[in-house]
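Below you'll find only one chain, the form predicted alone, shown as structure tokens.
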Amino acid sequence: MAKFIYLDGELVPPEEAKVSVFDHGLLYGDGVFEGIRVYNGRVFRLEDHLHRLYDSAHAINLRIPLSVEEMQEAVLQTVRANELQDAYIRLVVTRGPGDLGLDPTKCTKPTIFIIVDAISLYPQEFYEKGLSLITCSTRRNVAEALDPSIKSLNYLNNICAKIETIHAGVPEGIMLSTGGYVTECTGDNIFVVEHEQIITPPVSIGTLGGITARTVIELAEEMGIRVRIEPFRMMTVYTADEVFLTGTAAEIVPVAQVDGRKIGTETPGPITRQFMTRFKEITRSTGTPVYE
């Protein structure tokens, strides 16, 4: 368990980390967040995560009271206080306390808190044998209603889909766009391997641009594997040679079957294994040092 939580400029024990019941992050999901990983005392892609956080905040007209540099130091300070070499960071900025109305201008001071703790999203056997997925009936939010590139605290769309996976007894599910195209899973981005190429949906179809997904695309270019970022339907998933998911918490995890259909001939497949190996190497050797 975390020893200290960063809350509005102070490091406090978890039992003292409290926010107001009038905070609009709690009342309305009005805020933004990032999940970030620490490997071997280095924060992986910290700058990328912070830029996405500030972009998300700007998109909802939420002014973060710290500069990017000050926020980076707050993250590193919190990791140091918890004396962890490997950890998961949850960085949250809410609109702050206001009244019971929707008006965000009634919230005069955003709330910032940072949690640093251990995390293990999936048991090791899933990385060795793969996940079973379903296609969720809950459709992904349309960009015209809430742009999926905003990583906001309002995750009810994903949670409704997650409930479906729980009822189905599987760990993850694929969410489709209103037009029936594959977007992402409830908490991860999705990649399909077809004829030694990888395919992933574009953000325009309703996906969140994942930091881990971006890393995979960069690794693919380094490894000489062609990347196709284009819309596709479930038929492409069912007939894929390999399927894998990516996410900050999940890292890279293979998929064994979808809707009862076996994917490929082996799990993880050879290209997925290459990405898993290379991703482990890069995360353990790069990043922003915590303790220097």
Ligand code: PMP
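Numbering starts at 1 and runs along the sequence shown. Given the structure is predicted, the values throughout are model-derived calculations rather than measurements.
One more form of this protein should be noted, the form predicted in complex with this ligand, which is absent from this view; the next part is about it.
Peer 1: Look at the candidate spot formed by Glu184, Leu208 and Ile211 and say whether this ligand comes within 4.5 Å of a heavy atom in all three of them in the predicted complex.
Peer 2: Checking in the predicted complex: Glu184, Leu208 and Ile211 are all within 4.5 Å of this ligand.
Peer 1: Where does this ligand sit in the predicted complex: which of 64 to 72, 242 to 250, 22 to 30, 257 to 265, heavy atoms within 4.5 Å?
Peer 2: Within 4.5 Å of the partner lies stretch 242 to 250.
Peer 1: Looking at the partner-bound form in the predicted complex, is Arg42 within 4.5 Å of this ligand by any heavy atom?
Peer 2: Result no; Arg42 lies far from this ligand in the predicted complex.
Peer 1: Should Tyr127 be classed as touching this ligand in the predicted complex when contacts are defined as heavy atoms within 4.5 Å?
Peer 2: Flag for Tyr127 set to no.
Peer 1: How about Lys162 - does it come within 4.5 Å of this ligand in the predicted complex, if we only consider non-hydrogen atoms?
Peer 2: The answer is no: Lys162 has no heavy atom within 4.5 Å of this ligand.
Peer 1: Does the 4.5 Å heavy atom contact test between Tyr122 and this ligand in the predicted complex come out positive?
Peer 2: No, Tyr122 stays farther than 4.5 Å from this ligand in the predicted complex.
Peer 1: With this ligand left out of view, which of Thr111, Asn82, Asn189, Ser132 would have a heavy atom within 4.5 Å of it in the predicted complex?
Peer 2: Contact residue from the list: Asn189.
Peer 1: Need the contact residues for 158 to 180: heavy atom within 4.5 Å of this ligand in the predicted complex, sequence order, or none if there are none.
Peer 2: The one in contact is Asn158.
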